[in-house]
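We begin with a single chain expressed as structure tokens, specifically the form predicted alone.
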């Protein structure tokens, strides 16, 4: 079938809107009509060429929502008409990782997913007779896509596509890191580095679990108002801090430790900057502070700290997709949104058409959007 898609033909070039061909679902696969898709920094990262796993040509996009159109042989959990959210982190419930209950990182289709193909080793997309690769197993920058059944979460039908698509990545990554990875307790002090889409969701996750003090750290003062709306109690702009001699570049770590009376019980790095990762660890409370890395650093970058920071009781951990098990937890998060326990609407700052998708990435680059959503 013919579908409209934004194709990344090569790194560093704008996406091109083209009509591509999509084969129907094979065994264990599902054809989905995508109704809305968010533009995530991970898509931008791959498109830039900095992603060592980036492959081209490909149809990017991994933060979507849509409706099941057709199912392949052997699919038992979904039927045409079901509303679904694609999962770049699937949940097969049968692999060693899923059965361990220690991680959400299902390994059932990871090798082929990383090569941009379906589990049988082939692509369902083609353009002018040549294969076009899938992206993160999702490819939501097309109005139709094919995914394995284990990479789809069935959700309630009254939830708006343009809001719940964000649960396919940003919302779950942020809130999940608080609830499922770090397991923040009521009464905690939380410090969040980076108040973009992920950081704001960390903040509302911390508020949701009853954190008493939530400190946001960002060099963009324009982020403060919305962060306070989501639950932030204190705002720190590192650019406003002065060094001991009165100059710029003050001691962010020292300031945060003093501000919180010893440091954060839980800290989160949501940018992907190794310097901030170190600062987030070092401002965690001595003896018990837990620092969670969410942001994805560029290829080849490394993190470093003095061993003293760890042997004095701090812990450094990482979180992928918020530690959420997609088919199990994503429907719950949709329910939380529909029940008013979490907020998404203010985070969707721009609605775009597919033809405007490159403008969405420009808004992201300029820091003028929280999340832009393409509506099909």
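Remember, it's a predicted structure, so these values are computed and weren't measured experimentally. Numbering follows the first chain given and starts at 1.
One more form of this protein exists, namely the form predicted together with a small molecule; it is left out here, but the text below deals with it.
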request  = May I ask you to state whether residue 314 is within 4.5 Å of the small molecule in the predicted bound form, using heavy atom distances?
outcome  = no
ask   = Going by a heavy atom distance of 4.5 Å, is residue 88 a contact of the small molecule in the predicted bound form?
value = yes
key: the small molecule contact in the predicted bound form: residue 53, any heavy atom under 4.5 Å   = yes
task = Using the partner position in the predicted bound form, report whether residue 327 sits within 4.5 Å of the small molecule, counting heavy atoms only.
result = no
remark   = For the small molecule in the predicted bound form, the stretch among 139-147, 180-188, 70-78, 102-110 with residues bearing a heavy atom within 4.5 Å is 102-110
note = in the predicted bound form, the residue from 40, 65, 59, 334 with a non-hydrogen atom within 4.5 Å of the small molecule is 40
message = For the small molecule, considered in the predicted bound form: do all three of 45, 169 and 320 come within 4.5 Å of it, counting heavy atoms only?
response = yes
